[in-house]
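Coming up is one lone chain in structure tokens, specifically the form predicted alone.
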């Protein structure tokens, strides 16, 4: 790249840094799935997202032509005034995209470009040229089942694409990549597969120069199973991504969405509660119009605010030092002990799972050495499965030991 062509430092601030700061403050970051081909509409969407009554980051979602590298058709659509199903960042000039984000994107409102490509090199070049620094995807999650590209070629493409973003680090920026691995095939995959793909793609990003990453998980149909999967994802990330800036992002259900507004709203609210309950830092929302058509800007904003309210009602977002296990929502199965020998925020009791947690307060099991298994009994507790695994105040269980 020549000196004349070298882009300015990203104007969008540190995506990972913004999310980390919100998490420390106990706020869940909510994000729309929004993309319009018209630059003026795209700018209006970003402005509306920033102004929403929620802690938000912006999204520029790309169109289908750009995702498959057919930039000629994208340009033809722009020339003939045909609306696309997203923003064609390669067909638009860097100057146009910079005008879209000018005085909107920044440290207090970073913007992520979302695409869906198994060959994102051109997309990432356009992202960098436009002064942005956050995107998402992965060599497997954006190859299977979305693309006919062979996996080996997708891996090579993503190596080159990571290099495009990673070079921003030498210029004083902190680029961010989010793995789409937790949304593999959109719905109803074994949680173990989603967790494994998220972790492996994050490791791939680190191997190719990225120091700020996020790991995704898509809401499925069983809240208890989802909570356990995200707990496992956080634990693996904590062990394997030491030294990186990382966080977990939950996707609101990616399968067939409810046709009723009430059903769609309830599903979104449950996704927000899942994010809070499991210590995720960010939630990608879906709207009440999802089953019928592309949502309007106003519908996206309403979804953001609905999710933010649900998260606030569920309690402050779980902080980065919270130990996975029994999370913040107290239930009859998880009453904090006032006389625990472990202090608030103490290390997890280990593989035997002989303790559970609520709001950084340790609590003890009714019976020492209860069977070690993952519980799906209570929405707020992932402690061992046993009728005797009820956390209780010691005075009420004095004879249990």
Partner chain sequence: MSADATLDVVVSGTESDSHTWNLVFLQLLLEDWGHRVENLGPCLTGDELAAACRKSAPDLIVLSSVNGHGESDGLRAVAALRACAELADTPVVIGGKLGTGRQLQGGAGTGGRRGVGGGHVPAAVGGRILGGVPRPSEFREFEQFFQLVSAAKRDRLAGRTLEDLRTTPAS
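The structure displayed is predicted, hence computed values, not measured ones. Residue numbers count along the first chain shown, from 1.
Beyond what is shown, the protein has a form predicted together with the partner chain; the following relates to that form.
Using a 4.5 Å cut on heavy atoms, which of 267, 84, 244, 199 is close to the partner chain in the model of the complex?
-> Of the listed residues, the single hit is 84.
Candidate from 153, 75, 167, 259 lying within 4.5 Å of the partner chain in the model of the complex - any heavy atom | Contact residue from the list: 259.
Should residue 172 be classed as touching the partner chain in the model of the complex when contacts are defined as heavy atoms within 4.5 Å?
-> Heavy-atom contact with the partner chain at 4.5 Å: absent for residue 172.
Hey, in the model of the complex, is residue 291 touching the partner chain, heavy atoms inside 4.5 Å?
-> Output for residue 291 is yes: heavy atoms within 4.5 Å of the partner chain.
Residue contact check: residue 146 to the partner chain in the model of the complex, 4.5 Å heavy atom = Close contact exists here: in the model of the complex, residue 146 approaches the partner chain to within 4.5 Å, heavy atoms only.
In the model of the complex, residue 68 touching the partner chain (heavy atom, 4.5 Å) = Contact check for residue 68: yes, within 4.5 Å of the partner chain in the model of the complex.
Just one of 153-161, 294-302, 97-105, 202-210 has heavy atoms within 4.5 Å of the partner chain in the model of the complex; which?
-> Among the candidates, contact is made by 294-302.
Contacts with the partner chain in the model of the complex - residues in 234-258 whose heavy atoms fall within 4.5 Å = Stretch hits: zero.
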